[in-house]
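This document opens with one chain alone, in structure tokens, the form predicted alone.
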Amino acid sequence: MAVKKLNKDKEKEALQELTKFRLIAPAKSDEVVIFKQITDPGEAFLEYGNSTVPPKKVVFPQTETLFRFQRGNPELREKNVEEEGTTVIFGLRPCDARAMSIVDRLFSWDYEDPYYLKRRELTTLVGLACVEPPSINCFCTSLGGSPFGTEGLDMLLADMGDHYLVRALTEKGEKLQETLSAHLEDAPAEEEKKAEEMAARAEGKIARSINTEGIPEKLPTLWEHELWKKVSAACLGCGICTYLCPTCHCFDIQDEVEEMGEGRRARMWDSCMFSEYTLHASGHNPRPTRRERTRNRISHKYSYYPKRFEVIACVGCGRCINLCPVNIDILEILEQVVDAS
């Protein structure tokens, strides 16, 4: 499908067109940017770096009811995800889209998660390329991503100044481009070359990096290494590094009985950085301190996950570095892993 352009003076009209779907876009909430459903195109805020909470919450909600039940009644009332409707996530960053493609492998692995997979099927991802790195701690290029990356996306927009260059990448993207056809124009032939030059410049602005070669194989050899005690010493165990990570996917499932015997089975985000996460009913905990939990977090992303799914479960968005209250830096941890002997 031909590359198109969307003039910025038609941006709101295009977004209004998309409100026929469940439209999720970045919007300001006090001093932070969050992804939320919008019905007013004026709420969309596309001049942002990156959101605090990744848009993974759209397909993997922080809390969701799986089904409801009534005490004494064997009938279960399952949640129908299709009722949420066809969804468009507009303006997410390429790293967050790539994160979803990484997590897809887990939720379709030994057990196909019907809630997650149905949402993914009903969702179209429209990315917004990073002309400038969203933060000093971005390192997507170390992990196979890029500021103009397309993995996981159905459509990619690139900010060219007074307009966006629009490129459909999948069948879903082509359908969305047809939906927006009244607001799009053919892009001049030289625009694609200009966008390629912008992409190269954007990659050149990524200031931080790590050479991941050999890390997945080396991590299991450092099981008892003293570095884990050192790098976890300042950790507060708040779990923000996992909650705000676009690839973290730990969850807990609880049955909650309400008044009159009405109840629900609910799934909610959990964190391997919490001591209760691995606490056994016997009282034994195989990860009793932050040393073991930090070792597990890094090993899961950089060793266990690639061993199972052939991809590192980190996209280099930098959120865990930017938002850690005690400035724990995953790149510094990985550098110590590389240097450890």
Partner chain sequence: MVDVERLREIAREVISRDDVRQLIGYRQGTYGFRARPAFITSPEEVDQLIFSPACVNNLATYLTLEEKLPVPRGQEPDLRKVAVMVKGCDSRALVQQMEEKAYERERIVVLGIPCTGVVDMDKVEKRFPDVLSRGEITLEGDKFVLSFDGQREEVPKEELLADKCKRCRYPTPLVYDQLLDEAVERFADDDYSDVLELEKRSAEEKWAYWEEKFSRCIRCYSCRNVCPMCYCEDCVLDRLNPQWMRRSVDISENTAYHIARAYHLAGRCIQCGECQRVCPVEIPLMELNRKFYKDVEELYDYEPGTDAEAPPLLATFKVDDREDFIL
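Numbering follows the first chain given and starts at 1. Model, not experiment: these values are computed from the prediction.
Omitted from view is the form predicted together with its partner chain, to which the following refers.
Heavy atoms within 4.5 Å of its partner chain in the model of the complex map, among the stretches 77-85, 93-101, 180-188, 235-243, onto 235-243 alone. None of the heavy atoms of S146 is located within 4.5 Å of its partner chain in the model of the complex. Looking at E11, you'd find every heavy atom of it more than 4.5 angstroms from its partner chain in the model of the complex.
A residue is said to contact a partner when one of its heavy atoms sits within 4.5 Å of a partner heavy atom; R293 meets this definition for its partner chain in the model of the complex. Proximity of T19 to its partner chain in the model of the complex falls outside the 4.5 Å heavy atom cutoff. When contacts are defined as a non-hydrogen atom within 4.5 Å, none of N50, E224 and C250 contacts its partner chain in the model of the complex.
A single residue from the set F274, Y304, F69, F45 has any heavy atom within 4.5 angstroms of its partner chain in the model of the complex; that residue is F274.
Residues Q254, E256, V257, E258, R264, M268, F274 are the ones in 247-274 with at least one heavy atom within 4.5 Å of its partner chain in the model of the complex, listed in sequence order.
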